[in-house]
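Presented below, as structure tokens, is a lone chain in the form predicted on its own.
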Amino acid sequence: MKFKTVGHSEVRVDAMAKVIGEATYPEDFYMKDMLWGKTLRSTKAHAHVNLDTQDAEKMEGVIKVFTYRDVPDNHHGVVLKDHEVFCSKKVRRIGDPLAFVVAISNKIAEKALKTIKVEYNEIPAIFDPVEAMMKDAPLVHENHKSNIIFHYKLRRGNIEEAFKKCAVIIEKQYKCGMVDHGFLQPEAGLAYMDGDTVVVCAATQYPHFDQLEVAEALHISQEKVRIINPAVGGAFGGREDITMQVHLALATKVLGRPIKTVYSREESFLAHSKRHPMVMTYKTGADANGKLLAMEAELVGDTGAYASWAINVMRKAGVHATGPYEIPNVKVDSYAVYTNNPFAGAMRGFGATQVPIAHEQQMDMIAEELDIDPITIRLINGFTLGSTTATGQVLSDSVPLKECIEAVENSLGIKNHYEEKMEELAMEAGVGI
């Protein structure tokens, strides 16, 4: 089959502008009569909060200090509307937005932030997702009965009976930590009015979601919101949740002047989502020949203070918990859990990047217990055409796992015992191969 793009060098239409410095990023925008905005953020993880903005409002050069009282609908979120545009009664993580100061210069806006008095009444916080699942754990969101916001279940076969037939069973727990996207361009944006339409220029991965969330927060129609997406200086999932978009849109709508904000690297770390940390408990069993018979896994995903894409991430983690291997008996429980940590959301891989840390180490330990080399055990169990996954999907095309493993093996000059093992099994069964 001949492909038009695959296997060919294609011209990237935006490459030249980026290489020679002509690409326009959000920080590059300036407009006449422009004002500057800066966000005040929480320094506590869980606390009731009160603000006194009087000194900032009286400062020369300060135009207005926006708080939750200025937002028509003080909520947003890509799936669950569990964020507040500005915290009203309590903060749920370090970095929660409390106020947005608009001034005639960035320097004055920064100075005004320091004059806002914030009264914190700290309350018990929860930082461990496993502990957060317990009935007596502090609730991150008081309108929820539990910190568990999602539970994905996967069941196939009979794991209890299957484990009885296993020659080797490996039970281990694995943990992976939070990861930041670390994109080169910190968040920046500019908003202005075009007649009665609010225009927001910001690097984003989902301009249509941004439009919806701005419109809902401001109680205006989507047709009155326009999102302009300039050059994006990296994202990797970190720009799927909005950061300053509603702040800018609110300020320009109220004040009628262009508003710009630029985050420092430190504020960028506080503002956007992270990759989900996970606690993964695995029990995997195989017969004496290395054939996988059963796997049980519990995955606990720490979504931090807000849900973001946790439901999708932990569902996919559950689906991919078995790895690229045929396992006839499977039980998976995958949970998304609120904590008072930084919130987690989209990052490349959506849950499929964490679970290999667990299932691949399980494979290596099973191979070691059975004195089978790690390549062979993967070739014995790997998906091929016609394989059925734990979710019941029959793989009908494009399953090159074994060819890929063998190609890597050959390129590294590693001796493969797979054929030798298959011949040995065939001889025992009295069948020629």
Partner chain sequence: MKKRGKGIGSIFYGTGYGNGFPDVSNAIAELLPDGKVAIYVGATEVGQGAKTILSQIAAEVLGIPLQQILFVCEDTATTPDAGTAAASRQTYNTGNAIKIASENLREEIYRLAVEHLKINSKVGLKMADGKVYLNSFPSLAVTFKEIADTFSKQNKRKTLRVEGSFTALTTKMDEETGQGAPYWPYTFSVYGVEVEVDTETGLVEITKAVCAQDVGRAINPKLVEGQIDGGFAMGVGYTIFEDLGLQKGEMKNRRFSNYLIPTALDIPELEKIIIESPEETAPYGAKGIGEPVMIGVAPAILNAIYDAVGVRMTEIPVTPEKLLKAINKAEE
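Positions refer to the first chain, counted from 1. Since the structure is predicted, the reported quantities are computational estimates derived from the model, not experimental observations.
Keep in mind that the form predicted in complex with its partner chain is not shown, yet the notes after this line are about it.
Taking a 4.5 Å heavy atom cutoff to its partner chain in the predicted complex, the contact residue among 153, 117, 219, 164 is 153. With the partner removed from view, the residue among 347, 293, 108, 300 that has a non-hydrogen atom within 4.5 Å of its partner chain in the predicted complex turns out to be 347. The closest heavy atom approach of residue 308 to its partner chain in the predicted complex falls outside 4.5 Å. Looking at residue 86, you'd find every heavy atom of it more than 4.5 angstroms from its partner chain in the predicted complex. Using a 4.5 angstroms threshold between heavy atoms, residue 322 counts as touching its partner chain in the predicted complex. In the predicted complex, its partner chain sits within 4.5 Å of a heavy atom belonging to residue 341. Site residues 98, 124 and 247 are none of them in contact with its partner chain in the predicted complex, judged by any heavy atom within 4.5 Å. None of 261-269, 248-256, 283-291, 130-138 except one has non-hydrogen atoms within 4.5 angstroms of its partner chain in the predicted complex; the exception is 261-269. Although its partner chain is not shown here, in the predicted complex the stretch 358-386 places heavy atoms of 359, 360, 361, 364, 365, 368, 374, 375, 378, 383 within 4.5 Å of it, in sequence order.
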